[in-house]
Each structure stands twice: as C-alpha cells, then as structure tokens.
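Each of two forms of one protein chain follows alone as structure tokens, named structure 1 and structure 2.
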Structure 1
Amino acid sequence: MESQRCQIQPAGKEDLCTLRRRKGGGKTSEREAIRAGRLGGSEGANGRPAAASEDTNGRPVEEKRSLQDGHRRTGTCSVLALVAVLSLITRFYKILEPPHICWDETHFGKMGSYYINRTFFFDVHPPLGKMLIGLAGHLTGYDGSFPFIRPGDKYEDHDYWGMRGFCALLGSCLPPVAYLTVQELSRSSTAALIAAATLVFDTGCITISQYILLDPILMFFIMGSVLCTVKFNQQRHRPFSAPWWLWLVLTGVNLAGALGVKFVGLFVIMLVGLNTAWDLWRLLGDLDLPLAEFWKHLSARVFGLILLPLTLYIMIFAVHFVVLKKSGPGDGFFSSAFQSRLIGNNLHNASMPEYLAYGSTVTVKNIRIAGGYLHSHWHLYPEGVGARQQQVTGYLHKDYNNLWLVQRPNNSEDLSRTPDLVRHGDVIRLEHKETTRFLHSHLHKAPLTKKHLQVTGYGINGTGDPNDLWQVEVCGGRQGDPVKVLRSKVRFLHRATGCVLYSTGKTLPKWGWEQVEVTCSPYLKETPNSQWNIEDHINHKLPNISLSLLKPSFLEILVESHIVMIRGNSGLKPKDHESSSKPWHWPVNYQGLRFSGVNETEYRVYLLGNPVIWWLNLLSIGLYLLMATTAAVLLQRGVQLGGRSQERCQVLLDGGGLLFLGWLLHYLPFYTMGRILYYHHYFPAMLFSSMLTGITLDILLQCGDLLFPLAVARHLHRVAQGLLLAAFIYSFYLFHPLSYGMRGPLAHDPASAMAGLRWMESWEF
C-alpha cells in the first residue's frame, strides 16, 4: 500500500516517499542484503560483492560470474584435496609405531576386544566409540585375543593396525571438514586454509588421532555436527527443499554419534540447540511468515534434532546390549536383575532357594547403583583409622570374599531337615566365610564419612560380642514377612548402636584397595545406600526356583546403564604416577601427556600441541573479542561502512560468533567438574579455536585495504598468508618427533634431537 501511495504522489512529494523508505528500512535492508548475498553465494572472490549487471563491454554479468564461480570452485576443490592429502599423510605416517600399547589403548583396545568376544564390560562412556573400534578390528582380521593388560605390552603378531587406522582415518577428516566449515561461514578460501593448516600441522591433533582412542571418533562427530548445522543454515532461503532436509537429518545423525561416543557430545548438542533456538526466534519475528508455516519449521527441527538423534542413540544401546550377551568383568557394577540376562553369569537361567534361611551362604549387594557387594578380606584398617580390625568394604566385582554365612544370634546350629526362614524383625549374625569373622560395628568413626560409625570384621571361629548383632528389616514389610532372594530390599540395623549398614559410594584410599566405603549410618531414612538385596543364595536344605522371570526390560537396563555411567564418571580418580591437569593449563599448552616411554632408552611419544599454533589460537581469541566488540559497536551506532567492511563485520559476528560460542561450550564446563581432568579433554574446544583463528586472522589481513591501496593490501594479504603457513610448517618440522616418536637423550641434554625446544619447564619430554 505504501508503494502504491508513493506511485500516485505528486511530483513534489517524491522526496517524502524516498525519505520514508530510507527511514523505514534503509539500514536493515542493506544489512539483510549483504547477509542474503553472503549466504546465497552471490559474492565474488574472497566474499566481495558481485559486479554490476553489465561489464564495460556490455556482456551480461551472469556469464562472467559463472566463469568466476567455476574458477573459484576449481581452486577450492584443489586446495581441499591438498588439505585432505596432507592430513592423511601426517596421520598415517608411522601408524604402526610404536608396536606396543600406548596410554589409554589399554582400555579402549581391550573394550574393542570385548565386543569381538561379545563379553559384557563396564565403561563410563556410551558405547558407540568402542563398538566402532571393535568393528574396525574385526573387519581387518583382529580376533580379539590380545589381553591389553598394561601400556608397553607388545602387540607381536596381533593385527592392531585396523583399529589404529580407523581412528587415524577419522582424525584425517578433521582438517578438510574444518576447511569446509570456515569456507561456508566466511566465504573466504584464505580463512578456510588457515583454519585447516592449524589442524594439519598440529602435533597434538596428529598424536591423538594415531592411537586406539575415543577422541578422534568424538571429534569427527562434533565437526560433522557443526558442518551440517552451517550447511543447514545456508539453506534457510530454501526451506523444506531436499538439501534443507538432507543437512537437517545429517545434523541429527552426527549429534547422536557425538553423544554416543562420550557425554561431552552434550556440549555440541547445546551449541546446535542454541543456534536452532535463535533461528526459530528469527522466524517467529518474520511477520510475512504464517504461523502455520512456523509450526512446520518447529516440527521439522523437533524431528531432525531431537527425535531422530534420540532414536539413534537408543538404538546404539540396543545393539550394545544385543552384542554383549556374555558375562564379563562389568557384571558387578550392575544390579542382580541386570546380571541375570548375561550368559555365564551365575544368575543367568539360575535356580536357587526363594527365601533366605539360617545356615545359608549368601552374597549381599547394595541396591545403590555401583554400591558394591558386602566384602571383607584379611587386611586390617591402618593405624589411626578407627579400630585396627579387619576391613569391611563394598567390592564391585564377583569374588569369593563376598560370601557370608547367615547365623543365629547365639551361633547355634540348625539341625532340622528344613531350616527356619529369616524374617522381618529377626536378629542375625553375618559370618565372613573366608576369615570366619563377624560383621561388626562400634563407636569408632568411619574412615571417610566421619559422622558415620566404622564397620569391621571381628571375632573368629564363632567368638564375638554383642556388637555383631544385626536386625533384619524388609523395606515395606511387616513383622514375620520372609526375605525373598533378589526381590526383597533389606536393611540391617545394628542392635547395639541403632545405626544402619550403609554403602557411601566413596572410594577408599590405597590401603583400602580403592574399594567402596561401608559404614554404619546413624541416619535411618530409607535410601538406596542403606538398602541391600540377597543375590547369591546357597542352602541345600531348601528347594530351588528359576530366576528367568526376573529379567529386566530394555528400558530398565537402559536407565540403569546411564545411572552407572554417570556415577562412574564423577568418581574417576587419578592412577599412580598419572598426571592430571587443570582447565587453565590447556589453552596455554602448559603441560602435555606421556603416551609412551619415560627415559632415554625407551620409545617416547608425548601429547603436546604445536606451541606456535596453540599460542596463536589463544592470541586470536583475544583478538577476536576486540574485533567483534568493535564491529558490534559500529553496527549498533549505525556508522556508515563500506560494503566490504560491513560484510566483514557480519562474518565476525555471525560465523565467528558461532565458533566462539562452540569454544566456550566445550571449554568452560570443565571448570565445574569434580572428576579428574586430563589435557586431552581440551581438544574438542581446540577445534573451534583453530577455526576461529582462520576467520579472525583473515579478516584482520583483509582490513589492510583500510590503510593501503587495494593492490598493495592484496599483496600484503598474500605475503602474510604465506608467512603464516610457513610458520606452521616450520614449527611442525621442529616438534614432529613428539608425535612420531623419539629415542635417545631427553630434551635437557644438548645431544637430544629436541634440545632447545623445551620452551616451558612443565613440558616433560
């Protein structure tokens, strides 16, 4: 209507209409035009605006632009191919060296073997990464027979190359994906090449990609998620088209993959979620878009970014449970009902007496996930830790020292043919079968939980005292109710002190063999920590029943698996002679991580980022904040900028903002974590900082045309780009032994190949 009114205005009113257009949409339309042009790919080389509709010879610009686009695509493909080749070479060079277990290969290689052998195990991470490692090993001839006992053990004739090669292949994809991502965000081949080069020539990324680890698999899915999200954003002007759906679905697939490898995948899910929320908010504010169309957009994103990843994630666990059907070392972390589904477990298709009776031999398992079996052994509590009596702990594995005899209070023997059942309210004694000492408590403080009382093993061969007496309480039961094996939740109340037997979930120090603390709690509220069930039950005087009807559903074992993983993750502690680190160490490259070898006679591999690249990344983060703040202020104040300058500002705020947010989300949460942290946890964040470096430095170099003539600025741009790449290559040449292995003197020795390169005292090579 406004345009119609302007068309019928008298000639003298023309300036008023022009002013109205400028006032109503001048600045916004100009910015949107630049965004639309950048997102739609209508720029010239290096993201500059396209030419006018005709050139000086009157030739249509479409023909000229088509030729330019063809040359640009050819150049981009050539550079991308070069990046891919260099990435493959740097990752696969000396892939079989050293021919022994390095660092966490002892864990993830072993878990790959478990999948090949279909043996159940426990790990704090979701299963996809280990499943893929096992599949890669199986397809390349590995039979799952290598034990993976400790770092340094030689592989000998076992085919380990397939598992290392698979991780190296996914690690090789990171630089090309970074190139494509930055190219889409900035429309600049220079920015894309700088970003890719930081990853190609980074010794840390090379090292972490060459071994049987989860990190290259995780980073592959994280980068895939970011690339697909960016590609999806570029299709915003073609909603519900085939490419639009393709990139939406691929984003969901990669999100499921990232979360299926490690819970760190939640960080990239947050990144994609925030990007999607902003996109939907923009659509909601578009008054030209009908609400029905908005709901279609919302529904599509719910399907592609929530329902699809969730379904795939659940399917990963379904495959995991189907494949791992044999009993293994992880059984004890899970409930008795969970264990009953594992072939070879003593509860699988087992039969045992249904009700607990006096004279029975039993194992007592805490209801709390990973609470452990009630356990004792010959070792005593050390001096200064309560009474110096026999230790009682919670143990997460099947063991003969988990067996207890159920005795009457007076220790009299039941000579009847049918023994009496243990019922709600009965007072019993529990005698440790191996050591013949009774479960005991007294007024000494517990080792770790000082408000609780100590639990020990006391007495021998039937001699003890009143502190050995425990009253049985069936949760939800009444006086006289029998104790059902596996199904009854039982509490043991100490008669002398009134406290209740309790598994705190805390890990004891070395003197307690890092087992779980068991105490007697004065707090009588019913919690899983104070509830136990009878798992194994042997009594030849009672008839047996089948346990096959007690197997849990898929949903129950899925939920239980996640509870066990989360609690296991939070309880991780450093091992002997294993260095941990703090989050502030990581961006400054303060300390690396030994993958193999310590002294000069051993083959040494040291995980440490290329210091030139890592310190440049850190500098670029500060530089980005300064440049982005300046750009935001200029745009907000409506400062008149040239076309190129305004487009650079938008690239900084849009593309750079997405990468900076990704870096923050993958780095800052580690400051809140109470678990043990390691240097390699920073590598997903490092991917984002490297891509941000590409955009930041490229725009900084492009701004040379503000100080110099255009021809001089372009020349300086090319020279600076060349110097950067040369610095990356030369620093890689200096530090490449960290990745590919070192022998001989250490760096402090002038005869060492790394002499003079130990730039920080905290580096241990």
Structure 2
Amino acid sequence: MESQRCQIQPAGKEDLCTLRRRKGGGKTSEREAIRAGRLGGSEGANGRPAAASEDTNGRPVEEKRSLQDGHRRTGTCSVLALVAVLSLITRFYKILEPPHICWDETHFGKMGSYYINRTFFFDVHPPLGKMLIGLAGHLTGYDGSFPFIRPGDKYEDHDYWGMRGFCALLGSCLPPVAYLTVQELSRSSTAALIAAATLVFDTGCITISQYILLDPILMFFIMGSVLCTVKFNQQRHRPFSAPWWLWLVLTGVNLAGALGVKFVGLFVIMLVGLNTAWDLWRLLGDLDLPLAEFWKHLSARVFGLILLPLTLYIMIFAVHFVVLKKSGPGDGFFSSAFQSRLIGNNLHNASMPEYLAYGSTVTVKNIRIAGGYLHSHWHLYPEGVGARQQQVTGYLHKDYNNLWLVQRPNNSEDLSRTPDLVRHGDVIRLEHKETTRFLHSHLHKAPLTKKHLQVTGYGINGTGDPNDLWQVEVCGGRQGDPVKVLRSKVRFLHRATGCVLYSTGKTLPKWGWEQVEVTCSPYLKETPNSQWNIEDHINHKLPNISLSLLKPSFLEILVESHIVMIRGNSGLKPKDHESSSKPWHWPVNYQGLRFSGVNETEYRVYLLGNPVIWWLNLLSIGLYLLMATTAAVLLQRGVQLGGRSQERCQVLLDGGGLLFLGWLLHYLPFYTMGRILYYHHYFPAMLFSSMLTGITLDILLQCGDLLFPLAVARHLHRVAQGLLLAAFIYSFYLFHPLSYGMRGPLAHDPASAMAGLRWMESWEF
C-alpha cells in the first residue's frame, strides 16, 4: 500500500487527484476517531453522542489512542513524503533553464564568486546567504571565474547548477516544513495538506526558488524558525527535557540564519520574541511555579534565543572577514584602518611619508563611518542651488578625483628644498588636482543642509580668493604639532567664515551623482562628521616610511560594517522614472517581476504568484478575521460551545493568531520603509498567509457539521477538499509557463500559450 502511494507519475494529474481523494477519505475517518477518543478520555460528558458511540469495541481508551496515533503518524509520513517529492520535482524541473543570468543572479552570483576568489566587497545584506551560495558553488566545481556582469549573459560552460540547485533544495523544503507547522498548530492533516499544496503549486514560490537568490535561503530559515518555535511550544509540558532543549536551540540557530541572510530576519525574530514573551508571561502568572523555576525558564530562553543566535551571527561575520582578505570593489566604503587589513589595498603594509607636508598630493577621508573621500569633479552646482560653482562632494569609491594638493596660501613653495611640514594652526589651500580649483566656501546655503554653508571648487590655475583659506587643526593637538598621515584626526576651519568642513552623510540628488553632501558647518561641536584623516600621501621629496596602522579589533570591524550596511540600505531610494512597487500591490498579485526576457523571441520567466492561490490567500485573510472575531466574541460572551467547537475556536485563535501575527509582522513594516521595494519582498509574508489559509479553510469546512448531519458534513468536507486541490493543480497547469519559461508571442496575442490568462492588465507577460 505504501509503496503504491509513492509511485507517482510525473504528469499524471488525474492519478494524483484520485490518489489524494482516496487517501483523504481514509484520513478523515481516522482523525474523527482520534478526536472521539480524546474527547472520551478528557471531557466525556461534553462529547457528542455521535462521537462517543464510535468507540464501539471495548478496548481501553488509552491503548486505542496510541494505536491511532501510530496510524496517524504513518499516514502523516506518507503525505509528507508525497509533498516533499512533489515540491522537489516542481522546484528542480528545468532548473538549468534559462542558461543565462536572470535578474538579481547578477548580484548574488557575483558575490558568491567573490567568496570563492576571497575578494572583499560591500553589500547591504549580511553575509550568510552569499557565503552559502559561494560554498555551494565551490563544492560543485564552480571556480568563481564567471564575471556575472549583467542579466542575460550566457553561463556557457561554467558550473552554475550547484548554486541554483542549492537554492532550489532549500526552496523545496518550504512545503514540507509548512505541512509540519500547520499540522502541529491545528492537529488537522487537512489544514496541513491545504497549506502545503498552496506552496507546492504556487508559481511564484517555484520561480523564486529556482535561481541564485537570497530569498529561498531566507525563507528556509524563517520557516525553520517558525516550525521550531511551534514544536518548542508543544513541549511546554515537559520543560528542560531533551526535546525541549533541542527545539529551543534549533529555533535559535534558525533565527541566526534568518538574520544572517537579510535584515528581514528581524521580523521573524520579533515574531518568536513576542511568542516567547507571551509564554514567559504565562509562566510568571502560574503561581504554582516557584520564582526560582521561572528564572531558570527565563535564562534558558535568554541563552537559546538571544545569546546563541547572537554568537552564531557574530561567527558568521568572523568567517566573512577571515575568508575575504583580498582588496576588492568594496574598500572605499570602509575606514582607512579597515582597509589596511586587506591584501592588495594600498594601505596594506603601506609605506608613505609619515607627516603631512606642503606640496603633497593627498586623499582626505571623513572619519565618520561611510563618510566618503573629499571629492570634486567637472560639474557645477545647478542653478538655484547656491552659487553656480564646481561641486565638492563626498565619494565612497577610490577615484583620481579624490586627489588634492596641499599648498601655502600664496603658493610660495620653494620647489628645490625639502618641503616644510604642515602644522597645527597653519593656514593652507587645497587644490583639486584634476580641475585645479581650490576648496572654497562662502555665505551661501548648502544644497541639502540649509543650516550649513556651501562648499565649492573655485578659482583656476592658482588664482583664488581669501575664501579658499582653511586652517588645519589636529584634534587634541597643540600649536605646532605636525599632522600624522592616517593617524591624526584633522579639522579644516574656514578662515573667512569660521565654519568647519563637514560631511553630512546625506545623499545629493541626481545632479550631484548621488554622492554625499559636503558642507561647511557653523557649529563647531566635535563630531566625526567634521573630522578627516589623510589617507593617501604622495610626496616624492620625502622618504617613505612603513606605517603599521593600528589594526582594528574584530568588534570595531563588526560595528563598522553594520553601520555601512544600514546606511547602504536606507540609501536605496527609487531613482527617477523607476517605479517602485507599492506594498498594497503584493497581496492582490497586482504586478510581477520580469526575471528574464522581454521580447517575443526571448525565453521569458516572470515571477508572479499563481493567482488562484494568491487570491484565495487574500480571501482567507478576510475570512480568518471574520471567523476569529466571531470566535472571540462567542468566548467573551461566555456562550456554551460544544467541545468540538471549543477546540476549533482555540485552534483558530492560538494557531491562526500566531500565523496572522507572522503575516502582519512580515508585511506591515514595508509600508513605513522609504527604500525601494520589490514584489519579491512579499514572499515571506506569503508563506504565513498560505499556512493561515490552510487552517482557516479547514475549520470553515469542519464547521459544516453545524448545519448538516455529521455524515453529510464529513462527505462535504471531503468533496470540498478534493475540489480545492483540483483547483490548485489545474491553475498550476495553466500558469506553469510563468515559471518554466515561455517563448513566442506575448499573452495578448491569441497564438500565445498564455493567451487569455492575462487576467489583470498589469501583468507583463
């Protein structure tokens, strides 16, 4: 029987249906029997006569229950195996197509390669996801040599299957995990099956799992955390037992994983945190529990859910920094001290003149983390933004436009002899090497920070004016102290207005190439924004001395990289003409994302959820709210419910409540985010929504017994479940080209495979 069930023909849609129906029939009666058993055991008098009468043969209830548990377990296992196999098949089918870079593979594939090549880079997400991608690539023979330049580039003979396969593998874990979670929350295999089926047959989930992206990894850890938390909750009657510890620790591990992939992991941490707080509150209110015992509970959770994940998270970063030891494209985002760690960076084992001197060519870097190099270029401030002079900005990348010449005010340097050193209190001019303009400030408002003055490049070929003069001040130094390269913190005070050179950290609009604003601040308070250090120092007339920088400690690097990441994240603003997806678009499946191809001739993949499933999810959320409110009001009014209804209300409010909260936490915060948003940000929330659909629909179907006699209701339940699954499968059959690729004419053409399926005008396939 078991083996028969596991033989699945890949395309046999009808076979699946019949199989499911047969199995569903068997399952339902089993479950009813279990419930009867449980009720008979615990409440007895409250149980319905029909339920009690099922307990016909004279065996003791306990024994019977264990037997049924055994039955149920084998049934569950086989359904679970079926779900797993189906999800593996759907995720791995055509995994190698298209054989070119799709969408964000260009970023994450590239970053995976960086790990293989051990080159340092900068990304707004924490490193775990990309590290795993890199590892998967490395283990499957990819050598990191593919450049991942732009979407559409052919992979040719590079081994990309490992990276895609790894993501698909994690992606195919989602339906089974959803099955187990819902099973645990609702104790109903119907609910679990519906939830799992929504994920298995959702084209969106399939598409997003098939490419080298962070999302499948992130979703895997999110679902893992939820499952472990739920399992942990079930162990509440056996505190400090081995399984209790196991699930607690696993929850912690998964949380660390989720946060290590993307900061979206914070939402699931909040969910688990709220759940734990609620649990602790319950324990605290349990007056039979001595306070000492409560502290034990508390410290166990602090260890498992805070300390352990934090340690793991930090370890991820430790690995990240150890692996990436070569200089790469991300250097400029970090401080001079940080850069000196990287092999190949010009600050690594740097040797340059030790003290700043007149006539030197230097780069000046803001001390503030991600403050940028002092930069200028051949572009003027636009009309209406202060004086129409050359822009001076902060720039995060290394560039020849960051070079400045240190001069005396009158440029009276004797070129033949050894240059003098610049000392604390000296007045200097800084000439931009490329454009020969001087660093200049005057009484005009700065472009963004209106309280500050504008800084410009002014004058040409050595003619300037008194507004070009800056006084050098070493922080904590005295009159006459020399300026140490790399190590001194320097302030530049404007002679004429008394303000101080300042990097505000705000991003200029398009005219300023989205570089950082540099101003002259009249507020002389000492902040890192107004302190600078001399990073590169070139002077051929002075001897180079090897400088061993103070190597930063691990903690400093950790904090610095986080600040850089957070700044980078909030800096991801929608560009002009780039339409940002709105959060309200997502649950209604309003618009998808083009993963590959636009034209009729190209191989097109379009990330879009299966509309039948997504709209059902949306409907279920409304339905859930209605049902939960009804249940809550009934309980609050103290209406006497039958045991069965009581149980349903509890599942609806507890299990459903957890999932609904998860959905809210993974969805609502996006409304407050200023950064650019994409459709795929909804997928973690969609997982919760799908699981909620499972519970809601199952309870709705079960409630049939309030209207009809039990036998009819059970029959109806079975039929409805079958219809639902059939609808999922048929809609998947209709929309599968979205995931597995379309060629030929677009959907508005009747000859297209997708003709008539563009149900919303906003879908672009």
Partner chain sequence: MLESIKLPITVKADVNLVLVALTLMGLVTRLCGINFPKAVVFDEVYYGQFVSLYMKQLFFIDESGPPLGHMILALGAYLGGFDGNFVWDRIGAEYTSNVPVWSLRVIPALAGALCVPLGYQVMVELRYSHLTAVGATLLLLLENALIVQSRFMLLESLLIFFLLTAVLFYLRFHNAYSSGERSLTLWVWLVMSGVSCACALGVKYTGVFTYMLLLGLAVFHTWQLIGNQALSNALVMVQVMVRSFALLILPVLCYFGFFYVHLSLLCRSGPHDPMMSSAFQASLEGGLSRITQWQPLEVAYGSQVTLRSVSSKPVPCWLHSHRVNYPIRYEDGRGSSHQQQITCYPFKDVNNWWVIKDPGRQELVVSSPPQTVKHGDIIQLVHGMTSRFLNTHDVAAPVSPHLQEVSGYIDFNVSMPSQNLWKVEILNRESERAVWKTIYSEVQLVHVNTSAVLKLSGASLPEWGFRQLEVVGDKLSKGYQQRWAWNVEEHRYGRSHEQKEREQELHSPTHIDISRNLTFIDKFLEVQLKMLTMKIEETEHKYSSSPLEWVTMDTNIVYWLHPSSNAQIHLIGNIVTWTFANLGLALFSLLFIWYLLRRRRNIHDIPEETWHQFVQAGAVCAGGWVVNYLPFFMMEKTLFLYHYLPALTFKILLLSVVIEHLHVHIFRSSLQRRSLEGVLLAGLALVYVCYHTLSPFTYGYPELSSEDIPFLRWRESWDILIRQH
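All of these numbers come straight from a predicted model, not from anything done at the bench. Residue 1 is the first residue of structure 1, and the numbers go on in sequence order from there. Only the largest set of C-alpha atoms that superpose within 1.5 Å between the two forms is called the rigid core.
Legend: structure 1 corresponds to the form predicted alone, while structure 2 does not.
The Cα shift for Asp654 between the two structures, taken after rigid core superposition, is smaller than 2 angstroms. Once you line up the core between the two structures, the Cα of Ser521 ends up 2 Å or more from where it was. Superposed on the core, the two forms barely differ at Ile101: its CA moves less than 2 Å between the two structures. Overlaying the rigid core between the two structures leaves the Cα of Ala387 displaced by 6.1 angstrom. Once the core of the two forms is superposed, the Cα of Ile369 has moved 2.7 Å between the two structures.
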